[in-house]
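Single chain ahead, written as structure tokens, the form predicted on its own.
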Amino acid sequence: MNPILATIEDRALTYQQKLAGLARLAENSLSVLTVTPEAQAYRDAGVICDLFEGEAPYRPRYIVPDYERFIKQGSAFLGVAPPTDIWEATAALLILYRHVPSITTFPVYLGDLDALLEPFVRDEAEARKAIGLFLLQIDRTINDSFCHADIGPRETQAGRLILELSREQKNAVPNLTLKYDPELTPEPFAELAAATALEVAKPSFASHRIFGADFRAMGFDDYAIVSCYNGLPKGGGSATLVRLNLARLAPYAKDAEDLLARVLPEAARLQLGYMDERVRFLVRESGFFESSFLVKEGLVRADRVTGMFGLVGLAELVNAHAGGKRFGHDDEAEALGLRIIESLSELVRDHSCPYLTMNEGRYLMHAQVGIDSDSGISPGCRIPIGDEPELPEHILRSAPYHAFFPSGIGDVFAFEPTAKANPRQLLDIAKGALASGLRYFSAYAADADVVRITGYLVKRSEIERMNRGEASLQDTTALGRNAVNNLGVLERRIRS
């Protein structure tokens, strides 16, 4: 059937989902990028994957507005004055969200919500009502759980209300991260975050020290966690995210040494060149940076926009060339895995995109979470589901990889429902994981309706709704259902 007609006639799609699908089909009818035959061969084989960005990039994949600036100055284009109370602040943010594009058509970053709203919290009962309605409207109108907000590292009244309301509402959107620093984040606040995570799979815990140090080294005094768990500078974003499917790359190498000496450098070169071409069209031809009011009003700056070199399937590549040793269990396999990531990191660091100025045009490494059609391919550098070791060993074997990925890497852990009775225990585990070098730690209770698929959240009840042939409000429900079937995400080892 014609894909346009198939989209129009799909009873399981909402109007907005059909609209976005038709727009993607229109964009993909074009051919404006110059792609080398070698890179195209890797694309056709699934080794290089642009994660459905489209054939004519007309906006950065991820946009990270400077919401602090917006709150201070308002927006001339939108006709929004600087807010003076909690109702004006939440209304102003909701107005701006409607006009922030991304790969999903929805904003992938909502700001450090506690810091943005705290100056307007003057009466707790009023603030609770305003923030509750604010969060409810986000869930009902930003229909995609790649939408992400941050809180912390310091405790605020607004942050506490956001956690309490997230626990009460049990919505999948927005995704949420606590920027955790043991010297800045009070224990009771962090424990409330852990208790909330066990109920609704959020917030995740980000190492504020690791992310902060990485972005200070690039010349930025702050950062945001957006989309799944992507670290990016505020006021900028990422032009593109293209991933190298290491599992699909495995058959191209004769052995580990051939992989490191020949196959990996060639694949990285082709992916970097393909990324450069995507960025070229966006920067030089699409007109985004010349036409967007976000740029004109200083909410997004071109010199804060990077690109993300993603990878997936490290475990499968290692298992194919480690002489029978298993990734996540054997020291020899870990040594090979680290050699692969170190080599890729050097190749990416030595390349400079001529169309970007942030970080001297160097792309950032990203451990990509996978896509719903992946089968037998583990996200990023994660240990395969169903083959996880004991929790302490799992954390210690995963931690060394996290140092290489300033734009995001994470590990997900499912806990027995009884863990809800002792959230302090989960907090201790999270603190130990971050102290051991994990950059990003996510957890949920195995019986929760809201579950973490890879880097995003979906409700089991919505998956069941879709399985009955009914439409789901959230775009990501279909992705979550397929990930359940293909990646086995609900089969993670349950931790006691």
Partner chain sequence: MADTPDATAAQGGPAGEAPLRGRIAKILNTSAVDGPGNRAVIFLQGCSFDCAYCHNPETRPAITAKPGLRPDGKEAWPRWMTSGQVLSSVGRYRAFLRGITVTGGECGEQPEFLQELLRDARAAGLPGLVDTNGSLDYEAWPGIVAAAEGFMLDLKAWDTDEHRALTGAGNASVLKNLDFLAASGALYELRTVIAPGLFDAEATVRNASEALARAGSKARYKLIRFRPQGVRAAWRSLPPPDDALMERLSALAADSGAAEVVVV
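Residue numbers count along the first chain shown, from 1. Only a predicted model underlies this, so the values are computations on that prediction, with no experimental measurement involved.
Omitted from view is the form predicted in complex with the partner chain, to which the following refers.
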Exactly one listed stretch (47-55, 456-464, 23-31, 423-431) reaches within 4.5 angstroms of the partner chain in the predicted complex by non-hydrogen atoms, and it is 423-431
Residue-level question: is E393 within 4.5 Å of the partner chain in the predicted complex, judged on heavy atoms? yes
**Message:** Can you work out whether E187 and the partner chain are in contact in the predicted complex, taking contact to mean some heavy atom pair no more than 4.5 Å apart?
**Reply:** yes
Would Q40 show up as a contact with the partner chain in the predicted complex if we use heavy atoms at 4.5 Å?
-> no
query = Taking 4.5 angstroms as the cut-off for heavy atoms, does T36 touch the partner chain in the predicted complex?
reply = no
